[in-house]
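As a starting point, one isolated chain is supplied in structure tokens, in the form predicted alone.
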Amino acid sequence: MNTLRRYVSLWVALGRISLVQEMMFKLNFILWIVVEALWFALQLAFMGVLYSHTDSIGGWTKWEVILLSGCSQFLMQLVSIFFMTNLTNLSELIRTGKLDFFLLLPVNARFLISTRKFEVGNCINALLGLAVIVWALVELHYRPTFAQILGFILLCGVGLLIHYSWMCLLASTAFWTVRSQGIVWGYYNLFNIARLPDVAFPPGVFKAVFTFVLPMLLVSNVPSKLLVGRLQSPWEIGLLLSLGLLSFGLSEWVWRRALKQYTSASS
């Protein structure tokens, strides 16, 4: 418990430092929020255009897909808040030798490297994603139970773990390639796949890869299905949980192997 409290205190302190740094450039902070909000609004407008020509996509109505988009936005912004900047910067830490400093500190290096910088501006847009979810539920005239809401939160946590694990794994390739920002950003751009229901994609290699290998179609679809009562079988929850544990275990193994490759800036 003492170790847990120590890490929570460190995490809170890092958040405060990030907030102070963001407030030093207030205009940039506000513009970033506006740009992200406009981008999300365009995504919702695109859904509106699609549903002006059809009543459903794979059995999903307009407001169910908008709820799915809100869930995807929420998860995407959480990844940006906590991990995106940190993991894309890992290659620079390796290239410049600054990683040595983190390895010498009496803290888990992976934890510190992954969480040392918070993108506070994305918090507003994460809340915007939640607001769209609530809006869609109102339009659907559907009131989820407490168990559904709790399950939604927990499954979003698992989805966040999956995204973090894969991004950390891909960022760790910088120990061999020196630069890996493009790989991590490439993965991040794949998040847009999760804005459509999984049933909209025909069976095949594409759907199999983005369900069982890079589970983009699960991390937003499963929590959304649970929230609106579309989840027909618990096997999808079991699959998401299993892939969460497997992804984190794989990323930890790659991270440890990668650290063994690091020879420090003085070598």
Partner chain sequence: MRKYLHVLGIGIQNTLVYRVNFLFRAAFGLIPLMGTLFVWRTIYADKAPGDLVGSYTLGAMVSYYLLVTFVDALTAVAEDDWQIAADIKDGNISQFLLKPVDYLTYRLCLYVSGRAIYTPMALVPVAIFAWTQRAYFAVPPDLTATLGFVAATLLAGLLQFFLAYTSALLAFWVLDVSTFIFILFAFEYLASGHLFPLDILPPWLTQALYFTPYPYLCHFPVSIYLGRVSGAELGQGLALQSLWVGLGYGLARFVWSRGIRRYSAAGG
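Since the structure is predicted, the reported quantities are computational estimates derived from the model, not experimental observations. Positions refer to the first chain, counted from 1.
One more form of this protein exists, namely the form predicted in complex with the partner chain; it is left out here, but the text below deals with it.
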Applying a 4.5 Å heavy atom distance criterion, does residue 127 contact the partner chain in the predicted bound form? no
Though only this chain appears here, would residue 57 touch the partner chain in the predicted bound form if you measure heavy atom gaps against 4.5 Å? yes
At the 4.5 Å heavy atom threshold, is residue 192 in contact with the partner chain in the predicted bound form? yes
Using heavy atoms and a 4.5 Å limit, would one call residue 186 a contact residue for the partner chain in the predicted bound form? yes
Partner-facing stretch of 225-233, 238-246, 66-74, 197-205, counted where any non-hydrogen atom is within 4.5 angstroms of the partner chain in the predicted bound form: 197-205
Honest question, do 28, 38 and 42 all end up within 4.5 Å of the partner chain in the predicted bound form by heavy atom distance? yes
